[in-house]
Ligand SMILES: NC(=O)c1ccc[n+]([C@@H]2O[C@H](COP(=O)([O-])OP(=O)(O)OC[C@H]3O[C@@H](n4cnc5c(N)ncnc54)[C@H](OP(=O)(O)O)[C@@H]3O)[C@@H](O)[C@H]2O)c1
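Next comes just one chain, in C-alpha cells: the form predicted alone.
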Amino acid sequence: MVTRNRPRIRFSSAPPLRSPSRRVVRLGIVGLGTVGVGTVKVLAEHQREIQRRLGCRLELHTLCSRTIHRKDLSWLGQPVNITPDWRKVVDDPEIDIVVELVGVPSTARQIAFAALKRGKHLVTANKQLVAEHGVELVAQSRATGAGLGIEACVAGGTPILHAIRSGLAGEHFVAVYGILNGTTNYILTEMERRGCSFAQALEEAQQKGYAEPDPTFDVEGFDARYKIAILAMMCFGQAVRVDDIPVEGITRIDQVDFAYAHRLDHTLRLIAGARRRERGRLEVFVRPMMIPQASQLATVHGATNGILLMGNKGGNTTLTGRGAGGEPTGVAVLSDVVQIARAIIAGGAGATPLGYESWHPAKIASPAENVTSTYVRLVVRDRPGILARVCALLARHHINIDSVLQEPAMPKKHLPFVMTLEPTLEKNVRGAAREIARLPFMIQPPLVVPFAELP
C-alpha cells in the first residue's frame, strides 16, 4: 500500500461534531470506475451535510483500484491512502466500512465475503452479486455482526429498496412492475418520440454514454433480470434463482409497433415484473409489454427508471428517478454508508437489507399458464389468402381475434400488419406463433407482446 503523507483526506473544513460513542467512521472504497468516482465526488460535496446528519465525520481512508497508480487523483485535493490490492482494504483494522464498487462479479464476490468474514461493514452496488448470493451475504453479515448495504443495486439513485424495506414494511405486496434499465427505456422512448429505428436510437444512447459498446447485457434484458430478482426477494420473501426468470429483450421492436400501439391507446416498455400467483407461487419475468398510455409507467421517459409497487392495503406506490450514472448511484451508495454509520454510532445492528429475516425457496409459475390479451405483429410478402391461413391456425389453437390493423401505404414486399387477440392461454399463442412462422409468406417470425393490465 502506498501512503501519501499520513494525514487522511478531509473534504470539509467543518469541525468534528461530538458523538456519544465516536467521532470518525472510516471508509475504504474499492473500485474507481464511474460509480466509484461518483461516490467520492458526492462524499466530497456533501461532507458537511452528512456530518450534521450523523453527528460524526465520514473519512475516506483508502482508495483501491487495480490501476490506481496510473490514475490522476489530483482532483481529490488532499492526500489519501491508495492501494491496488483490495485485500489491504479488507484487512486494515482502521477501516470500518468497505465500499465494493468493482465491475467484475467474481472479484466483487471475493471482496464482499472476505470483508464480511472479517467483520467489516459492507456496501455494494453489484446487482449480480446480490441477486445470486444475497441470502448468503445476509447470513454471513449476521454471523459476524457486520452491516450490509445494497441500496445502489436497483434503480441507482431512486430509493426503492429503502421504500420496500422500511416505508412499506407493513404492506402485503401483490405485484411489482418496473422499468429498471435506463438504456432500453431511452431507446424505446426515442423510437416512440421521433419515429427513429432501433439502430439509430441505440447509436445515440451509446454516444450519450447510456449504452455500452456491446449493449447486449441491457437490450436483451439481462440487467433488468438481476434487478427484478432482488425486488422479488424483498417484496415476497422468496429466494428467486436468476436463471429461472424468463427474459426477452427489445431488439425486435420496430418503430411501426409504436404506430400500432398508439392506435390501441398503448405504448411499449421493457417491463420487469413479479406477482403472486395461486398456491404461493410467483411469476417473475422481463419482457416488452404493451402498457396503457394512461398508466403511470407509460410516463417514464428517457434513461429514467420507474417502479410500481402494488399492495393489498395501501394501494399502488410509484417511484421514479435516475437509475444510473456515477453521482446518482453514488448518492445511493452513501445512503447505505450513512445508515451503517448510524448503527455503528448507536452500537446496534443495521436494518435487514433484503427486508426479511428468512426466505422460502421460490416456486416459479410459468408465464405459459397466463391468460392474457396479446399483440401479434406479422411481416409478410403480401398475396391473397394470408389472413385466411393465419386465422385458421389461430382457430386450431382455440384463439379468438379481437382486431386486425394495417397501417396504410406499407410496402407489399415487406408488409407489417397486426392482430390483437382476445384473452387466452399464453402457451396457445406461442404455439400458434411457431406454426405461423413456418408459413411461406412470412419474412420473419411473429412478434408476440402481451398487454399488461397496469394502473
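Remember, predicted model here, so these are calculated numbers, not experimental data. Start at 1 and count along the sequence shown; that's the residue number.
As for the form predicted in complex with the named molecule, it is not shown, yet the points below apply to it.
- Against the named molecule in the model of the complex, the set 187, 241 and 287 makes no contact: no member has a heavy atom within 4.5 Å.
- Note on contacts: among 237, 311, 292, 84, the single residue with a heavy atom within 4.5 Å of the named molecule in the model of the complex is 84.
- With the partner omitted from this view, the residue of 365, 324, 233, 340 that lies near the named molecule in the model of the complex is 324 [heavy atom within 4.5 Å].
- Of the stretches 276 to 284, 84 to 92, 194 to 202, 158 to 166, only 84 to 92 has residues with a heavy atom within 4.5 Å of the named molecule in the model of the complex.
- Although the partner is absent here, residue 71 is a contact residue: one of its heavy atoms lies within 4.5 angstroms of the named molecule in the model of the complex.
- Contact check for residue 127: a heavy atom falls within 4.5 Å of the named molecule in the model of the complex.
- Although the partner is absent here, residue 33 sits close enough that one of its heavy atoms falls within 4.5 Å of the named molecule in the model of the complex.
- Using a 4.5 Å cutoff between non-hydrogen atoms, residue 141 does not count as a contact of the named molecule in the model of the complex.
- Taking the named molecule as it sits in the model of the complex, the stretch 50 to 66 comes within 4.5 angstroms of it through a non-hydrogen atom at 64, 65, 66.
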